[in-house]
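What follows is one chain in structure tokens, specifically the form predicted alone.
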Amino acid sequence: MEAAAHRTATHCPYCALQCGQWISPSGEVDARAVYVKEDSPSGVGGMCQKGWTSSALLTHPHRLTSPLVRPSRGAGFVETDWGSALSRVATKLAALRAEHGPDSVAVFGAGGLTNEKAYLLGKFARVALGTSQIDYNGRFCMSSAAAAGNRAFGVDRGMPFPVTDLDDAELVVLAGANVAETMPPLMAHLAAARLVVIDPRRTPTADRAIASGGLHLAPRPGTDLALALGMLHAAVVDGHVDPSYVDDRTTGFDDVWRVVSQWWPERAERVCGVAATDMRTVVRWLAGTRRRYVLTARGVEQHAHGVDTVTAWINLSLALGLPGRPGSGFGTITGQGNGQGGREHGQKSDQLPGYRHITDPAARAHVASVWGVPEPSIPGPGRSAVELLDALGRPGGPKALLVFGSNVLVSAPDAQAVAERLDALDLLVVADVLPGETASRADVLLPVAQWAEEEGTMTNLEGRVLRRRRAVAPPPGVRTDLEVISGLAAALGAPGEFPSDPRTVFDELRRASSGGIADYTGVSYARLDAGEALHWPCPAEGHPGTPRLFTDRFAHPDGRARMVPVDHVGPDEDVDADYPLRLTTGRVLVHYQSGAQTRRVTELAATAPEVFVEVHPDTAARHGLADGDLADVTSRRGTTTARVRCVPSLRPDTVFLPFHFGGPGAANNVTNPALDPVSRMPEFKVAAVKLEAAAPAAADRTRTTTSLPAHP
């Protein structure tokens, strides 16, 4: 291993904790020391298996290194040069726009893109293409929590306090979060706390809760809102509400109580299956503990009523006086590496940089002045992610799609329908590192750099802006996403400037965000490189940043948080005689998101090589199945073929699929694309399914090696 002096300090490419890591000049993660100095938010001296093995992707034999094009639809890929590839894309895009209008072209981004790439991609869509049709995979991850946070607090920052504040917590309620597998280093910050875990499954996080003297509450999938209502009822009736906090810092309690008064814990128990005594116990713990937090995650958000569900947990937290108090708080655990920054700077269909709304005249005027374009030329809001994918190739819908950093064929619900829409396009362009499922269907495939090969910034789950530093050069023939976007803008003759230098882009982002909710004006590469810890908003050069929000006031004009009345509504589809089980989905320790990266790492793939379905032994027996059998999990939309794992702790009415696999093993073959009316989040976490034995010939189809091509 090279001398320590030559190592580069950067951050893990995976989750929003953004653990620090050293990368050696050879591109390996330096195992002698994990980077845990001042700008490493984990601060615990360790990473999970994914982080330790991340360097395998830098020299992976399946790495894309040349632009690839199909001479015609259905033909195989052939290599070409960058000039020819970009010219082909630009010519086709220009022709489609001339014939069908600017919205005939769509862009799909990702929560893993750096702030600079997210910003420039949003600008590219609206200025170079003139399209309103841009959204990103963060719509699948944080949109419900974001909408609930904006509605209640006036601002959306996943954790409105530093993650290190959790180190001294005495009690932490994790609603729909399995951090022991999804974000393992975060568990070190929870080591001193009693945990309450709300999850239909007994996960490793739930085991930790039980070991800590806490509780594991296992509601039926799709009933978390009823559970939160029952707990708030208990808080009111048992005298645990903080009246001075409610009076001084909130509005809307009386309207909330008119709904909650109907949800006594015993009624909530009949709906969600959690004992009323456990609800009262958790409320008593929350009210009687000095340092306490409620944290939500995807388990309560990925529903057709996810915004209301998060709102119910916010209402409970506000009634007990948690948000903004020293040593207490409410927060949401962001998933993707730049899930926070990725939704702040314009790749979401209804947003402009700085977390401005695209319909706000003042916001439009400000951003237009930074971009140097007339304000009316900026299009209005477009379709959300699922709606955008569903519109592809349809009359009036986009005829071309550009994808940056997302594997929609695995990550989006109702995967078969997504495949049909991709095939209906006139042009599919994918910029990616490795040939995943979506990339392999592209008409033009552009090889791009990855985390250790590029400069930029990321914003982690606590709103802290971090420096991503280049440690090694990308392979010859590979360009950064910024260079690709800049090159396409030039080929299209776009107005304005589209620089490819990340520092230049970030300085423009700072100007565009100035005065917005997510104000980055005072954040600079120089300050970050000097080791300053800067949380947005940071509205001026000398500003220290804002690590803790809501200490004095919330972000609404009157400074008060909004308690919003919400009521329980069941899942979009319920079980019946044909589909008698409730499916829920989630992650496993060694894989990340669609698995396009982790399924290619030998050590990780060996640990979890194929998709499985968790089933209670009694449920398996009723369906003629045993541990290790191959089963078809079928919904009204499709089938996933998976290996049976009998899990005695699982609810008998529930089955579980991890969503990291593609092809016949894709969980999203069966998930429901029903959308939350506010956030447009799809209902990943509950679907009605049936369970049957699969044909023996299906066995090989579930292996991960068959669903990740070595070369497109």
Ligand SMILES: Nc1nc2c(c(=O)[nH]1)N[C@H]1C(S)=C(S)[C@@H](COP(=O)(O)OP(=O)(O)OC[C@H]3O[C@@H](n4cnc5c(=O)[nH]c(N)nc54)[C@H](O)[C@@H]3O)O[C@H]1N2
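In this text, residue numbers run from 1 along the sequence as written. Just so we're clear, the structure is a prediction, and the values are computed from it rather than from any experiment.
Omitted from view is the form predicted together with this ligand, to which the following refers.
> Though this ligand is not shown, can you say which of 331, 516, 335, 122 has a heavy atom within 4.5 Å of it in the predicted complex?
Going through each option in turn, the one that passes is 335.
> With this ligand left out of view, which of 117, 305, 157, 343 would have a heavy atom within 4.5 Å of it in the predicted complex?
None of the other options qualify; the answer is 117.
> Counting only heavy atoms and a 4.5 Å cutoff, which of 635-643, 177-185, 249-257, 160-168 contacts this ligand in the predicted complex?
Every other range fails; the passing one is 177-185.
> Is residue 457 close to this ligand in the predicted complex, meaning a heavy atom pair under 4.5 Å apart or at it?
Flag for residue 457 set to no.
> Can any non-hydrogen atom of residue 684 be found within 4.5 angstroms of this ligand in the predicted complex?
Flag for residue 684 set to yes.
> So in the predicted complex, does residue 283 come within 4.5 Å of this ligand, heavy atom to heavy atom?
Residue 283: no, not in contact with this ligand in the predicted complex.
> Residue-level contact is defined here as any heavy atom of the residue lying within 4.5 Å of this ligand in the predicted complex; does residue 230 satisfy this criterion?
So residue 230 does not count as contacting this ligand.
> So which residues in 272-302, when you check this ligand in the predicted complex, have a heavy atom no farther than 4.5 Å from it?
297, 298, 299, 300, 302, in sequence order.
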